[in-house]
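Only one chain is included here, represented as structure tokens and corresponding to the form predicted on its own.
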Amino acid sequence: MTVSTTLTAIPDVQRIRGLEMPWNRVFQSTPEPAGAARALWPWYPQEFLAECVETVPEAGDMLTIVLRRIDGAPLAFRSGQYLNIAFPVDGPDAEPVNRSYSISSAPTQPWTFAITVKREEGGRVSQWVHENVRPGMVLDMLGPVGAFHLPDMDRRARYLFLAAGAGVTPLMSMIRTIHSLPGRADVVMLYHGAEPGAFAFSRELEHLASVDSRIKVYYSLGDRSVTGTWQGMVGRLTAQMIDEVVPDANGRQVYACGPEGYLDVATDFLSKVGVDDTSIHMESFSGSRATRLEYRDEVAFAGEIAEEIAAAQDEAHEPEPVTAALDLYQIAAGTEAKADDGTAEHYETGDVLAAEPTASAETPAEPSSFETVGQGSLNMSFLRSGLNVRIDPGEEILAAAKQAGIRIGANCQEGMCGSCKIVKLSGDVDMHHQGGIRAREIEAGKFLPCCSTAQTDLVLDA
């Protein structure tokens, strides 16, 4: 039997115009968020716990960690944003070490999300993550954070993604998102790596490019000396290379992520091929001091938002006083009032029992009963820790507290990020912050112990 094969022409995919995130239309169509959008609520940075459910080794000595929120909620974020994560690098009882990592998964699949961590030579946290994070581990997170992300709606969705090394992670979230959505888009990714076989996500990228006509991916080896059967491009980023992969670079939105040196040359070359500055979006995770400070500011601001929203939610959901509940029960019973002495009372109707007499609130311990450690002319009483710490006027409060074993979260320790903020119940401090605390917070009694010295005896809520 002879089998003949005839190729049948497959019509082009028909798509709606432009690219639109699924939540955008829902938010615009109703005064109140509809059900689908409510499932993604809330849309602001939050502090939450997430459990690792899967680890996936990637090429280039990278590790993808798939997570889900402990509270069962989805994570609302935009493609390209990142999370600030507290890693217990020095053990569960020690101060965690905070690091920011881009979300590499797509927000269109929000019930689980992923970060991808490259093992850096000599990197304290990345080494620990690769060796210790396993399914079942729970991590403390803050986010999402960051303005480097795709727009919610783009009528002319034409993008150039420039990635170098680990800078591919936020761009991977973007390209996964675009692939998961309908809508016309035109995406070209130019991905630079050091050696063949070290391009993370390359198998998935090749698959996406093979099944989605909107996506094209080009690879280039930055090291020209590498030998082998490499068939991709060779050489560092140049204007000619950009022009070769996207002759129409002018008119595209460019998203670039990589080391600062890579981004610097990219800026120059993009200008040479006619890309306007307003169309260039860049993100660096190279770890320079300027970059770290920028991220710390962003994370600190996100923390303030999370803190304020959480406080507002607590206030909105504050339970009714016990007396109000008892009043309701009394109306239902309809016969008798509670005894004047407040003891238990039985009602004839509905078998409703009044509450047992409310136990008197526990009397807070007096600082005079606390153990005292350290030396100095002034005393700091830490009420939650139940410890008095002696300190001299010129000594930094955070350092003295940590030396005494009191746990206070602190990132920058320079008065910028605000992560060590605590409440001062009495006493005076001399604080020299650099924007890590707001005036109204100071008025409310808060201060940053990392940049403060005691002027008098202090009573602190820590």
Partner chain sequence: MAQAVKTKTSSRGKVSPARSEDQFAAVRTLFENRRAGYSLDAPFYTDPEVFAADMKGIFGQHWLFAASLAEIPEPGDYVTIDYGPYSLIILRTDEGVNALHNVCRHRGARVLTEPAGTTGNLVCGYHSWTYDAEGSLIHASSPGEINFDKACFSLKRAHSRVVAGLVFVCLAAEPPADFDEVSKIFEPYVAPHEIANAKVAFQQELIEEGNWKLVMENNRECYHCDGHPELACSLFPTWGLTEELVPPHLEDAWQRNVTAETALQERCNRYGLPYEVVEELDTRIAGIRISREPLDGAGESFSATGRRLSKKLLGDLRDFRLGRCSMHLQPNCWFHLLSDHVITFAAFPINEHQTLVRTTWLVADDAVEGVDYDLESLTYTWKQTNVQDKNFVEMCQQGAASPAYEPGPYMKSEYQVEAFINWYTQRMQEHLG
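Residue numbers count along the first chain shown, from 1. Here the structure is a predicted model, which is why all the values come from computation and not from measurement.
Same protein, other form: the form predicted together with the partner chain, not shown, and the subject of what follows.
The partner is absent here, but in the predicted complex a heavy atom of 158, alone among 119, 281, 158, 236, sits within 4.5 Å of the partner chain.
Among 366, 71, 131, 248, the residue placing a heavy atom within 4.5 Å of the partner chain in the predicted complex is 248. Checking 190 to 198, 150 to 158, 82 to 90, 381 to 389 against the partner chain in the predicted complex, the stretch whose residues place heavy atoms within 4.5 Å of it is 150 to 158. Taking the partner from the other structure, the partner chain in the predicted complex has a heavy atom within 4.5 Å of a heavy atom of residue 273. Mapping the unseen interface onto this chain, residue 184 counts among the residues with a heavy atom inside 4.5 Å of the partner chain in the predicted complex.
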